[in-house]
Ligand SMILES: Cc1cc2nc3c(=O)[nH]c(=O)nc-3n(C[C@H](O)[C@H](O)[C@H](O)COP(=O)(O)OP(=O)(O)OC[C@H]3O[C@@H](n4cnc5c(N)ncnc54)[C@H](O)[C@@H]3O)c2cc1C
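Have a look below at one chain only, the form predicted alone, in structure tokens format.
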């Protein structure tokens, strides 16, 4: 296989990923792009059948009245993110969510649960001062993605399914993006897709941890590509652990699956192996504290227990009435039953599980990056959440900023033309992707499990400098060992071992950045907790980490947060506004 074998393909607007961000970007780009513009959407799997948005159980945060306001949603987002969010991005998220939820209902065709008077039902989620989470039972993501998928499949958008992006290819001067190198997984052939504008919405997927919620093919490919392309990444130490991942054993991939926040919002209780409800020992909000606080509470309880057969803690819903639980949380009750557990009437063992990545590419409020022609939305973009994402803000972020990206690209593309790629970078990315095909075949999975244990033990829920430095050595050892692992090359069509190898290389690259950013942040904020630096530091002196690749090495620096809307100690809520609208448990 040679560089000259790479197929060349041109389009006007290229969208990587078909989660909420990618599908919304495609629909909005159609509305704003000049007539006749060619829009192409590419995805590692199948449209509507993969990605993280489809897996969303909980719901969609939006301020729809009843005392709730955009200002209150914004303050919850800023406080939840411990004053690290890009405030302009957070404000736009909260403001545009109101518009986007109506679009989802009235134009896309989503059906959400309603109250008896016909208004949208909104439930309580942790860390929020209003019941603002719109949902479709506990299967919200499937509802949103199914309807978006129908719209996109019926449109004139060009579809490149089972196409894996492996490299962002810039122009010779590196000022702009020329296109994206892909592998057609169905044939194993390479394809360079040139485009005037490219949106990256490949999703996060912190599957480098022992316990994780995303599917195993979500491997941070987008952030790894962005890092190699010289883009700046922010908040890379901020890995969100969802407190309640199903602990079903090593024999099933159900382990790590989220039991969503609505359970705790509805009054679910966390119980230790000694039978004690423990969360009020860690926070006055108990189980309704933010995800980072509850995850640390569970992890602390786990460390008290020396019995290897009792690893997690339990979530209990039975006191709310088994029939009521079965009705309100049908999806999760069935999912637990499939694994042998009774969520409605019994107890289910849970463990913190790597869920969401707050870090990502530095973008502006219109999703533009520092590289002309490249836009980033969804979990690939950093800034909106700061150090901690509120439950329900994730799918809102993807759909809001996916639509913004589509609008922006559609307008920008009129003044852009196709660019010539840097053939040297193209050749380097090609060689990088085919590297294992020239080595002696060996097993990839043991190395991935080794990385997952390293990250869980040393760069996980609780961190120290010594642990993260130990983690860096472990990551390096896995990376070095991977370079000695080859892949059978007799048939490259759907060669999943090859893609497992590429997945692990992306995970190793991003894991190194997570650990180095974690070492650089010598305080505890949100999802990042340092046992050797437990204090959060002065909020007015808040800074976020920025990581870049310089001469082949990851460099991490700090930049001050710009308090463009509100400063620590202040609020945008009107004087006399109640502290919370949520009824006490």
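Positions refer to the first chain, counted from 1. If you're wondering where the values come from, they're calculated on a predicted model, not measured in any experiment.
Another form, the form predicted together with this ligand, is not on view; read the next lines as being about it.
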Have a look at 100, 463, 448, 163 for me and say which one sits with a heavy atom within 4.5 Å of this ligand in the model of the complex. 163
Let me know the one among 52, 27, 62, 39 whose heavy atoms come within 4.5 Å of this ligand in the model of the complex, would you? 52
Has each of 226, 361 and 421 got a heavy atom lying within 4.5 angstroms of this ligand in the model of the complex? no
Residue 394, heavy atom within 4.5 angstroms of this ligand in the model of the complex: yes
Heavy atom of residue 356 within 4.5 Å of this ligand in the model of the complex: yes
4.5 Å heavy atom contact, residue 56 to this ligand in the model of the complex: yes
Taking heavy atoms and a 4.5 Å cut-off, does residue 235 contact this ligand in the model of the complex? no
Where, among 553 to 561, 517 to 525, 537 to 545, 42 to 50, do residues come within 4.5 Å of this ligand in the model of the complex by heavy atom distance? 42 to 50
Going by this ligand in the model of the complex, which residues of 197 to 225 come within 4.5 Å of it through any heavy atom? 201, 202, 203, 213, 214, 217, 218, 221
